[in-house]
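Take a look at this single chain in structure tokens; it is the form predicted on its own.
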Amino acid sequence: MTRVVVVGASAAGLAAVDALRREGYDGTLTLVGAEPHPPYDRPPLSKQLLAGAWEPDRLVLRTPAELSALGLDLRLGTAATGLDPAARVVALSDGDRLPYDALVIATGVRPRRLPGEGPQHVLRTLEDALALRERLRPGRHLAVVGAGFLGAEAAAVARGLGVEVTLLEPEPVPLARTVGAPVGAMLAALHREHGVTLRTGVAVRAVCRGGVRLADGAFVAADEVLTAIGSVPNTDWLAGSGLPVGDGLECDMYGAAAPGVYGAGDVARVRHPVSGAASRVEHRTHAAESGLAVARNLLRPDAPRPFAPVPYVWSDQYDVRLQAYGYLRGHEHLDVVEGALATRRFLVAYRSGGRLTGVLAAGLPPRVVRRWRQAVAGRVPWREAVPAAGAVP
């Protein structure tokens, strides 16, 4: 093997090229990135960067010297436009064609957008965050469509900057499908206490000039609109390649999508070796871990190791930091096992199929949450992990 191509120059792609070099691969290593910037960190886009606490240079994941030391054929500002797995060639937007012996696909996701002719912000790239930050001024009005983690974080930052915020959410309780209704209700109360106008059970039909039009015909006026309604995997360039593509690039438990082709990060839908369930995870730590895992398997195709992640995500909303391990969405039951929701210092455990599948904490030291990680990773039986499980307070 003398030619490896990694398509996607964010956290997963960078982790893959780092790992390949650390594991001793000394052949040609090409890193292709659609954005013109060197790899940078995305979580601060909706937090420190949007708030103005950080400038873009704080987000860089590797210095120029560190990137140079990797000996990369670095193709920034160039998108992949096609793939021929039989010929093992990647086509690029500049007309070049890259032959490969092994390929890592880490092209991430792009934000969903609402219909309508009005301007709408999204938060995925450095340019997205800077464009929104420029418009957030005291006394202006921001409408945020979608009260998931991204929308909620942006709403909290905007309120901290003196911006009037209306947060629009189609579900009755924000984030209830992920964290559960009791935790979602606590977060809703948190936003309302900070002056956010939170409207639940409302759907947005379109973004218009000067605001948004709701499904019932009502109009919500706003100076700016942020759309935070989820994302779409960047797999369009794989059309006609024959690779298995559904909700992302379909991969086995080793991260492989086809002979010599691996998926990593937000774009990859990987089958879990323990639960057997296939899922696509959009978390920063998961991206780096998956990039590392597929790099190792790429170099050892005869002895691959299953990728069995314990996803970790954090979210800062006002003075509350949420931390979660495992799989919360689709849970059957939850229990508050430490603290209380009312104090906003708590740990919630989540059950699916009779086993502990995730935990969520707020206002607790990281070491408290990490103690539960091993139990989540081992899918410990619920009654063993939470022996005093009872009703949700």
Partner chain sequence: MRVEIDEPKCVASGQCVVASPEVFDQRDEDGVVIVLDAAPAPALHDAVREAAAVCPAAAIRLVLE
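This structure is a prediction, so every number in the text was calculated from the model and none was measured. Numbering follows the first chain given and starts at 1.
Keep in mind that the form predicted in complex with its partner chain is missing from the display, and what follows is about it.
- Stretch-level contact check against its partner chain in the predicted complex with heavy atoms at 4.5 Å: of 335-343, 29-37, 58-66, 352-360, the positive one is 58-66.
- Put simply, residue 323 is close to its partner chain in the predicted complex: some heavy atom of it is within 4.5 Å.
- Among heavy atoms of residue 383, none comes within 4.5 Å of its partner chain in the predicted complex.
- Taking the partner from the other structure, its partner chain in the predicted complex has no heavy atom within 4.5 Å of any heavy atom of residue 237.
- Contact between residue 75 and its partner chain in the predicted complex is not found at the 4.5 Å heavy atom cutoff.
- Note on contacts: among 282, 289, 250, 153, the single residue with a heavy atom within 4.5 Å of its partner chain in the predicted complex is 289.
- For the partner-free chain shown, just 22 of 1-29 comes within 4.5 angstroms of its partner chain in the predicted complex, judged by any non-hydrogen atom.
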